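Before any questions on binding or motion, here is one chain by itself as structure tokens, the form predicted on its own.
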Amino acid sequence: MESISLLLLLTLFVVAVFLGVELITKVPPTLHTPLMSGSNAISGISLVGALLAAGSGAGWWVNLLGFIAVVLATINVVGGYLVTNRMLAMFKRK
């Protein structure tokens, strides 16, 4: 990992942000709920990785960043499932 330059990582991050914004703006409203469910599954995987980082004992800095990642991923997963549940409730018959 040390051989990867900071400029390459920054370039990759900028390209990922640009592609993410372009893809999200092109999603029709009918596909929003299924994609939200899929992204919740991905956030669940990142939550497991954040838990591993937070408990790795590799130093206080890694533990702090892991804890922040756990908090943010948990908010993302819970919020995503609440939004998905609310959207699916709109399609139920009364």
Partner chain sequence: MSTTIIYLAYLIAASLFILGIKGMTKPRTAVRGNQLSALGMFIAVVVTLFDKNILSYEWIIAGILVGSVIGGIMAVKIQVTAMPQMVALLNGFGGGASLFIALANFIDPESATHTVALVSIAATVLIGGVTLSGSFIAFGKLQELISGNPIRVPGNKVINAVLLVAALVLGGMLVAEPYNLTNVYILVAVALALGIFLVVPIGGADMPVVIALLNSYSGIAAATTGFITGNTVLIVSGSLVGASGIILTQIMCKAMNRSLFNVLFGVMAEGGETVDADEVYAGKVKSSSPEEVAMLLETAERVVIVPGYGLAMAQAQHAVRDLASILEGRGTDVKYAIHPVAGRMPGHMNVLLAEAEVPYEQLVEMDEINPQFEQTDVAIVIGANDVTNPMAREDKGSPIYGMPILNVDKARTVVVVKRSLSPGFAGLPNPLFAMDNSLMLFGDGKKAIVELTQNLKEAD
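Numbering follows the first chain given and starts at 1. In this text, rigid core is short for the largest set of C-alphas that superpose within 1.5 Å between two forms. These figures come from a predicted structure and were not determined experimentally.
As for the form predicted together with its partner chain, it is not shown, yet the points below apply to it.
Contact between Leu6 and its partner chain in the model of the complex is found at the 4.5 Å heavy atom cutoff. In this overlay on the rigid core, Ile42 has a C-alpha that sits 2 Å or more away from its partner position between the shown form and the other one. Superposition of the core reveals a Cα shift of 2 Å or more for Val27 between the shown form and the other one.
Comparing the forms between the shown form and the other one on their rigid core, the Cα displacement of Thr11 reaches 2 Å or more.
Distance between the C-alpha atoms of Val21 and Ala73: longer by at least 3 Å in the model of the complex than in the displayed form. CA of Asn85 to CA of Leu19: closer by 3 Å or more in the model of the complex than in the shown form.
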